[in-house]
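To begin, one chain is listed below as structure tokens, in the form predicted on its own.
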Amino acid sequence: MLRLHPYEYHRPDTVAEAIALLSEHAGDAMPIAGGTDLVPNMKHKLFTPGHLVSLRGIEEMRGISENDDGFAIGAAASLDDVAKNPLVLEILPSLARACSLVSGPQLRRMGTIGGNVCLDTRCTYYNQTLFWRKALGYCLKKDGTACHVVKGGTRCVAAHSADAATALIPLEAELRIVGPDGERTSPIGGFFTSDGVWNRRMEPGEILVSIRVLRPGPRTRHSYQKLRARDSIDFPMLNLAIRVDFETDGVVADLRAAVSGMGSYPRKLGKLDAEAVGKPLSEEVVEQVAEQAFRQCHPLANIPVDLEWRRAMVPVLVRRALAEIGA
């Protein structure tokens, strides 16, 4: 049986109280919301904080509200709440679908959208018990000096495996982050880095408080696709989000896409718009976009699934997404 280490649990009522607690116990404290990823990682001794600062009781971080130009989603809103919210289902169906495909129903009711955006990277050689990792000799991400994915590698390439973050990138979401030095905003497209050890531009004492998404235009369509071994529970082996803006005559005005599950961060796919803008979304255009996406995607052996098969599925997911958008 895997047991948790001793720790002290704090339940603040406000963001300011949470920030103060994280600052007071800096270096030995972590925030926790749903805990669906953090608690298993603590059992594996990947994290052993002496203090956990709960965010679930902070009212400011809950709920989903609509304003004149879009939506504000509290980072502590559960994935289940986001997936089932009528406004999100109507206006942001790709985000609703992404949240609905995370794990199983019990974990979606506990897990939060903020936790999913800030999800720790995963790897075959990292998400294991302490006994397993010690026998292997550890890795770059935790306690070791060698990368077991890229031999001789000096940078961790553990996989980004979150669903909501990938869906939010084509939607150009903005993150509201609060820390001891005050409040700041970050476009989600610039939030992630390529370092698998800590793949987000966020200090340990900061908290993601809310997510702002602008209302898409009336001729905007988007889709989210996920590849996994089973049709429930599993993390993505590959995921893809696409947004297409159309002109009044059905011609593509803009096309944006993001893909994840391969490297340490969700990637924007470039040059796809050059294949589609100014043209109707015909079968030929769809194939050109799919081929361009395939050329840009190169999965790594950081999860226990054949990487060539994962790469071969990139154009398949693109075709599925564009078929859904063009329907």
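Here the structure is a predicted model, which is why all the values come from computation and not from measurement. Residue numbers run from 1 along the displayed sequence.
The next section is about a form of this same protein that is not shown, the form predicted in complex with a small molecule.
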| item | value |
| --- | --- |
| In the predicted bound form, the one of C118, A96, L238, L171 near the small molecule [non-hydrogen atom within 4.5 angstroms] | C118 |
| Candidate from M42, V286, L272, M61 lying within 4.5 Å of the small molecule in the predicted bound form - any heavy atom | M61 |
| Residue contact check: K226 to the small molecule in the predicted bound form, 4.5 Å heavy atom | yes |
| Residue contact check: I233 to the small molecule in the predicted bound form, 4.5 Å heavy atom | yes |
| 4.5 Å heavy atom contact, P31 to the small molecule in the predicted bound form | yes |
| 4.5 Å heavy atom contact, E206 to the small molecule in the predicted bound form | yes |
| Listed range touching the small molecule, judged in the predicted bound form by heavy atoms within 4.5 Å, from 181-189, 87-95, 110-118, 248-256 | 110-118 |
